[in-house]
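Given as structure tokens, the chain that follows is alone and in the form predicted alone.
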Amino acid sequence: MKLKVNGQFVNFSEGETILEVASKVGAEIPTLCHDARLNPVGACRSCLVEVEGSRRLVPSCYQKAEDGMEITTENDRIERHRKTLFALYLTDQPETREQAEPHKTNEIFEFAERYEAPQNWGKMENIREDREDRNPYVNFEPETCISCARCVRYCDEIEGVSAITLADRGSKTTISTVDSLSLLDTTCEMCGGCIDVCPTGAMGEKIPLTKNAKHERELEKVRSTCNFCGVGCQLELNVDKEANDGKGQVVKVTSPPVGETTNDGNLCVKGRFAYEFINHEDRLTEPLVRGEDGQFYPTTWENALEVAAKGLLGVAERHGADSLGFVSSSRCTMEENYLVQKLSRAVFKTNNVHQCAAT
């Protein structure tokens, strides 16, 4: 099947939306409520385009592509709509961009600048209910929420736990839980997916806020592999290179873009929030060997390895090779785990070797 996007023919498959087809030719269409992992709802109205024969502008994230369609994504009519829409969105946002995005980019301000939306239409009083939540990770700022429900839909459609919902009506609509309970008292798994999908930063992470960390745009993103289990989820370490006396410090963890990795931008509570161990004061930074008095003392790697080898060989000599057992970690690389089983079988002659991700 084939249609036209801005005068250019594009092939597509049945079931694809106009937004998906337009992206094939590089057409830029703004979206706020859209996420490729979620069922489209057409709530934010920012992705409207013109379809030949249709009197009204059409939500491209929701409308299915049809054979022979002629679609326009850029013209005066669409430009007027975007300017008006984002100007109206700005009236329900904080006064300045600095107030609206302390740590995460607010896409409304980005789109307003890109499409030159008026920023002098005044401000509405925020009447959405604010509430404190004692959970340690997820922060909610109702003033920047636009009720796009991406967080609610993610919690329902991807995680399947339905811990949060849209509450109240009209301009008072806000994100809440059953009986306004803390997330700790709901089915929430603290995956932080609601933070990741939020387009305005209304859903934010508490740890950087409490530590007054730099804004996300000032941090360097470093792609890495989560080391908490054997699944191999990809994540992005947000590093402040100037922190920690120039050694650098991980300020927070974010998800890679949707569709790029095996975990498709999803992370669990450990992958997203358990990163403070990296610079924890109790973390070992040098090898230790137990002295005759039973206490641990710093030493060199060469000496530590020698002491460990002698200890293992001594046990094997006294009790036999099968008295030894080797347990590797899912936090190691595949190559390191291979070497552990090689060490067990080839060097110490025992098959008593296991890896924690296998359970």
Partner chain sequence: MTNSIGEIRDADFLFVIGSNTSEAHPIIAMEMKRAVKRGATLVVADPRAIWMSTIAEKHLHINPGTDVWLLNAMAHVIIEENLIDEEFIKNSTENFEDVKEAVKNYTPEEAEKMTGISAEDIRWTARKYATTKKAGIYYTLGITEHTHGIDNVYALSNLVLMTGHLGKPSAGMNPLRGQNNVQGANDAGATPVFYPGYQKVDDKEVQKKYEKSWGTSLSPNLGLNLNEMMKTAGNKIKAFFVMGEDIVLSEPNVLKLEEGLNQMEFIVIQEPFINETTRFADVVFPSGVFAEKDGTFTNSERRVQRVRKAVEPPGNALADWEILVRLANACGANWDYKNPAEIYSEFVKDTPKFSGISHERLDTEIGTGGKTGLQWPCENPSETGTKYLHENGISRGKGLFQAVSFEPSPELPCEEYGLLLSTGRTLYHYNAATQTRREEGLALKQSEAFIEIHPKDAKKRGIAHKEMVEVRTRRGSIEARALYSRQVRPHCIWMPLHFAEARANVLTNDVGDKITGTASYKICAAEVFKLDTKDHSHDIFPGAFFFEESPELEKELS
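It should be emphasised that the depicted structure is a prediction, and the values quoted were computed from it without experimental measurement. What we label the rigid core is the largest C-alpha set whose atoms superpose within 1.5 Å from one form to the other. Residue numbers count along the first chain shown, from 1.
The form predicted together with the partner chain is left out here; the points below concern that form.
Trainee: Taking the partner as it appears in the model of the complex, which of 102 to 110, 139 to 147, 227 to 235, 168 to 176 has residues with heavy atoms within 4.5 Å of the partner chain?
Mentor: This holds for exactly one stretch, 227 to 235.
Trainee: Tell me, out of 87, 78, 158, 209, which residue has a non-hydrogen atom within 4.5 angstroms of the partner chain in the model of the complex.
Mentor: Partner contact (heavy atom, 4.5 Å) among the options: 158.
Trainee: State the residue from 72, 187, 126, 119 whose non-hydrogen atoms include one within 4.5 Å of the partner chain in the model of the complex.
Mentor: After the contact test, the surviving option is 187.
Trainee: Do residue 180 and the partner chain come within 4.5 Å of each other in the model of the complex, heavy atoms counted?
Mentor: Output for residue 180 is no: heavy atoms all beyond 4.5 Å of the partner chain.
Trainee: Wondering, does residue 12 line up within 4.5 Å of the partner chain in the model of the complex on heavy atoms?
Mentor: Residue 12: no contact with the partner chain in the model of the complex.
Trainee: Spell out, yes or no, whether the shortest heavy atom distance between residue 1 and the partner chain in the model of the complex is within 4.5 Å.
Mentor: No, no contact at 4.5 Å.
Trainee: Consider residue 96 of the chain shown here, and say whether it contacts the partner chain in the model of the complex, taking contact as heavy atoms within 4.5 Å.
Mentor: Contact with the partner chain, no.
Trainee: Can you list, in sequence order, the residues from 55 to 70 that come within 4.5 Å of the partner chain in the model of the complex, counting heavy atoms only?
Mentor: None of them.
Trainee: Examine residue 222 after superposing the rigid core and state whether its CA is displaced by 2 Å or more between the shown form and the other one.
Mentor: Comparing forms between the shown form and the other one, the residue 222 CA shifts below 2 Å.
Trainee: Does the distance between the two CA positions of residue 57 reach 2 Å or more between the shown form and the other one, the core being superposed?
Mentor: The answer is no, as the C-alpha of residue 57 shifts between the shown form and the other one by less than 2 Å after core alignment.
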